[in-house]
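There is one chain below, alone, in structure tokens, taken in the form predicted alone.
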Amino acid sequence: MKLFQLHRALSQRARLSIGVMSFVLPIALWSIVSYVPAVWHPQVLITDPGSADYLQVEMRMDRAAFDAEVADAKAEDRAPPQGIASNPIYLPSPDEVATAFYRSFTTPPPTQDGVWLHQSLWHSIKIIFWGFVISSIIGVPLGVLCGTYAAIARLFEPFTEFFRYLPAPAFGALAVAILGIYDGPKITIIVIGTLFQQILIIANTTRKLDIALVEAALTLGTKNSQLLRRVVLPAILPDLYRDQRILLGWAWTYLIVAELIGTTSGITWFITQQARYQHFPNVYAAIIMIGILGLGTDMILAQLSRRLFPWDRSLAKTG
């Protein structure tokens, strides 16, 4: 097939169609599991408890236990319970999640101290922003310097390699002791989780610079002190930009862990509260919203990169 030719660039139509299918297929599988009882549906949703006084309408129970109760009721000439095949409460159907998604933006919180989904998201976005900005202010220059000068790399990279294996959540208690229980520790966890990876990735990207560009610049009279600003940085900018897009995704990954530290706000708090009361459609809606925000941000950055770096040929193949 032409679509699977090695290094073949896809047409705009093919990219759009395949991209849509990447979402359609999981949703279709989810729908099959949700709406086709023969596929899974290990539980029964009670519609009529019959003579079983311990059962209630809309209560879920395992199919084997339900079948046993029906058999006992018939054997004792009692009214058997009735129900419909159902999945566990933690796996809502797509229409339930879609409804919860809509209501989370249109229906006020049920409790006075509750927060809207968009308020929780905005709080988390601010944490992501400051954590990633602080990480980039330190990590980008240091990564470029490590990739350019061997002496600086030897000074910083051994410790960076050591520190990147330390799990960022392990510093949660220390961050709380130093910075308190509010947003400071959360931002710190994101910084720790992304900074050291950022230094190493950007250093590796900088080392991939074509040495012929440096030699040509020196031949044309560029001073050694000007190479970093006039040759290295302009040459690696497209790849550096792509690295930052990937690392921003890592920051979102660390967000949930970071917000578990004394959380009373943010998207993690919203998810935790909804799960506590078994409002799992709201949990799925919040998780999907995180994905939409992350993907939307990445798509915007990808489009922006085409304007910032029109000479970068790789943008024709990837977003």
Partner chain sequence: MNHPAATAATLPSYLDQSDAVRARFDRMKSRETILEVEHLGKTFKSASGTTVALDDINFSTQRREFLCVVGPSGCGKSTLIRILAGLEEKTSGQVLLQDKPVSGPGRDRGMVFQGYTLFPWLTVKKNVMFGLEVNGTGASTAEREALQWLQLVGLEKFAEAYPHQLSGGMKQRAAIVRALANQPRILLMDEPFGALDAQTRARMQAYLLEIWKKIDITIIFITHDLDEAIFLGDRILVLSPHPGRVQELIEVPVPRPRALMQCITPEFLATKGRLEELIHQSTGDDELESYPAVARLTDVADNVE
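Numbering follows the first chain given and starts at 1. Since the model is a prediction, treat every value here as computed from it, not as a measurement.
If you look for the form predicted in complex with its partner chain, you will not find it shown, but the lines that follow are about it.
Engineer: Answer for Ala217 alone: is it within 4.5 Å of its partner chain in the model of the complex, judged on heavy atom distances?
Structural biologist: Yes.
Engineer: Could you tell me if Arg164 has a non-hydrogen atom within 4.5 Å of its partner chain in the model of the complex?
Structural biologist: So Arg164 does not count as contacting its partner chain.
Engineer: Though only this chain appears here, would Gln226 touch its partner chain in the model of the complex if you measure heavy atom gaps against 4.5 Å?
Structural biologist: It does: once its partner chain is placed as it appears in the model of the complex, Gln226 has a heavy atom within 4.5 Å of it.
Engineer: Would you please decide whether Arg230 lies within 4.5 angstroms of its partner chain in the model of the complex, comparing each non-hydrogen atom pair?
Structural biologist: So Arg230 counts as contacting its partner chain.
Engineer: So in the model of the complex, are Trp40, Leu91 and Thr99 all sitting within 4.5 Å of its partner chain, heavy atoms only?
Structural biologist: No: no residue has a heavy atom within 4.5 Å of the partner.
Engineer: Though its partner chain is not shown, can you say which of Gln119, Thr222, Asn204, Gln82 has a heavy atom within 4.5 Å of it in the model of the complex?
Structural biologist: Selected residue: Thr222.
Engineer: Considering Ala73, Ala235, Ile137, Ile125, which brings a non-hydrogen atom within 4.5 Å of its partner chain in the model of the complex?
Structural biologist: Residue within 4.5 Å of the partner: Ala235.
Engineer: Where does its partner chain sit in the model of the complex: which of 82-90, 243-251, 205-213, 170-178, heavy atoms within 4.5 Å?
Structural biologist: One stretch meets the cut-off, namely 205-213.
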